[in-house]
Ligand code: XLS
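Shown below, as structure tokens, is a lone chain in the form predicted alone; questions about how it binds or moves come after it.
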Amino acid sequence: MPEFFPDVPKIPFEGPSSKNPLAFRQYNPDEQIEGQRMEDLLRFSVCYWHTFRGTGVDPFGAPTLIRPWDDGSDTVENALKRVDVAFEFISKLGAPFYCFHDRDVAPEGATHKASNENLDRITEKLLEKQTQTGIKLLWGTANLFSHPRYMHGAATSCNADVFAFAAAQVKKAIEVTHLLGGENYVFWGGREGYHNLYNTDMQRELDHLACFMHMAHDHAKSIGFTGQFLFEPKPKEPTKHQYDFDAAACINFLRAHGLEEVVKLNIETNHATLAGHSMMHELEYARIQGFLGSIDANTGDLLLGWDTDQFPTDIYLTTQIMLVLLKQGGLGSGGTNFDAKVRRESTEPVDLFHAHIGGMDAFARGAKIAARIRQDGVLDDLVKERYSSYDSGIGAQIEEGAVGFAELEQYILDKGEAAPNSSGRQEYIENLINDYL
């Protein structure tokens, strides 16, 4: 079988002093971080869509990434070749997982039956390559946003036939994910939202979305799929307002519709910033609510207002992410998926390796820095001191629920004035983090 990346060897770990652009400087799969192998903690995954289907197209320009292995056709034969490309790339990179939408791996047919047959042919080869390489499926999902039928949404479409088609597509996607041993299944509501409330029954659409998720869960149980369901927040683009706006909106939706024991969240950096949050905020909010399941590892350009899906290279960002993930003890069945794409000017296949190596090293370095911060306890000590007024006296009574407004009023009447606030020491803390970096 021909190699598609003949000039790229298996990517080695060579350490911080290496000058080899095709080697890891920080990511050592066997290095221990808080009792876990780095590979097991980070659980890196390569996404099929951007990495093997990305063309460099943007709203203002035609494709620039013309791959030598791709003949440009949307045929099963081309898709089968792409499987060989993907597994050679992932094997040489050394990532343990990959993930995909159904339409990433197999072309859509003229009918749903034809689409299923195409997907079955590709699935057979995916399973063969997984067995050969040991690479696993982190999660599967269905593309319910590209085809014109989904112009009004899928599970939230005003057209019941579209709802039914989406259900049939997700049914098949769950079955394929199960067959391939996928550890999760993701819902990304690319068009589950609205552009104009004048013509939208929001209550009905939200009820339909919940109904859809319950149906999916019921089917998963019926076939023995025990993987984790994940819901991915995104505030906008392509719709004006998506129902999965941010972690808080998703968690509220899940609890309101009895899905809190079924679905966790897959949090993405670029989506967090589009919602006006930091990634650390979204992760911490999901974590404290018990809904943090997995992450998409990318970043956006703060000077641009859309989802640029760039590879993460900011060590401040990865350190903040890892502070939260280490606090949770890892991601369980979730992972760190590179939902990221090379820039449209990065046209050579080797650029795919440079991008992933940089992202994996950035997360590895962030993990080591976060572990040192946690080991020294500096942030824990600062937080404990800041909230120390709740450890005894009136603060302890408040947290214990031993007082109400009447007792608190009497406390202040007797005391006369609240104790003075202490400094937040924000600049000191920022300098402290800089010292670790």
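Just count from 1 along the sequence shown to find any residue number. Model, not experiment: these values are computed from the prediction.
Quick note: we don't show the form predicted in complex with the named molecule, though the next part is all about it.
Asker: Go through 229-237, 316-324, 344-352, 157-165 and give me the stretch that gets within 4.5 Å of the named molecule in the predicted complex, heavy atoms only.
Answerer: So the stretch in question is 229-237.
Asker: So in the predicted complex, does any heavy atom of D102 sit within 4.5 Å of the named molecule?
Answerer: The answer is no: D102 has no heavy atom within 4.5 Å of the named molecule.
Asker: Determine whether any heavy atom of D296 comes within 4.5 Å of a heavy atom of the named molecule in the predicted complex, and answer yes or no.
Answerer: D296: contacts the named molecule in the predicted complex.
Asker: May I ask you to check whether D307 falls inside a 4.5 Å heavy atom distance of the named molecule in the predicted complex?
Answerer: Looking in the predicted complex, residue contacts with the named molecule include D307, since a heavy atom lies within 4.5 Å.
Asker: Mark N184 yes when one of its heavy atoms lies within 4.5 Å of a heavy atom of the named molecule in the predicted complex, and no otherwise.
Answerer: No.
Asker: Note which of T336, Q169, T141, T123 lies within 4.5 Å of the named molecule in the predicted complex, where distance is taken over heavy atoms; exactly one does.
Answerer: None of the others qualify; the residue that does is T141.
Asker: Looking at the named molecule in the predicted complex, do all three of W49, W188 and E268 come within 4.5 Å of it through at least one heavy atom?
Answerer: The answer is yes; W49, W188 and E268 each reach the named molecule.
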